[in-house]
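Coming up is one lone chain in structure tokens, specifically the form predicted on its own.
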Amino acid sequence: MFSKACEYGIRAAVYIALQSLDGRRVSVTEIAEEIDSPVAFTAKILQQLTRNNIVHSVKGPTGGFEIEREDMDTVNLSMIVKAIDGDKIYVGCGLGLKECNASKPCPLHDKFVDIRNDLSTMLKSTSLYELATGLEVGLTYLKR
């Protein structure tokens, strides 16, 4: 459903949020290791997240990536998905057809509209804070 970059972007943002709750900035190498992603690929994803004001990058010897506590409540999964994958998950065809809409629907169109709307609602209503605190108390995991 999400691109590999988007999956890693979500994992990275959640990991950064978790570490930021403890007042830590994290390096691209640490993030890549914790989310099982290649370092160079992780760096490109973090550039996109930084450009879209989802995470903050601090340069220097005590630098790294962080997310302000206040931002964790306002940053939701939809923002991360849009930053990395754009809005194709909300408007694309369930079968990947170029021309699919209500007037020229694919066989899945009507059913996929409901799924897409439910997904949009879930992504918009799930904050980074919610996901980071689930990790913090051990209810969820980023790595198996």
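Counting begins at 1, following the sequence as shown. Values in this document were obtained by computation on a predicted structure and should not be read as measured data.
Only in words, not in the display: the form predicted in complex with the DNA, which the text now covers.
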query	finding
Answer range among 112-120, 41-49, 75-83, 94-102 for contact with the DNA, defined in the predicted complex as heavy atoms within 4.5 Å	41-49
Touches the DNA in the predicted complex: Pro107 (any heavy atom, 4.5 Å)	no
Val28 within 4.5 Å of the DNA in the predicted complex, heavy atoms	yes
Stretch 45-71 - residues with a heavy atom within 4.5 Å of the DNA in the predicted complex	Gln47, Thr50, Arg51, Ser57, Val58, Lys59, Gly60, Pro61, Thr62, Gly63, Gly64, Phe65
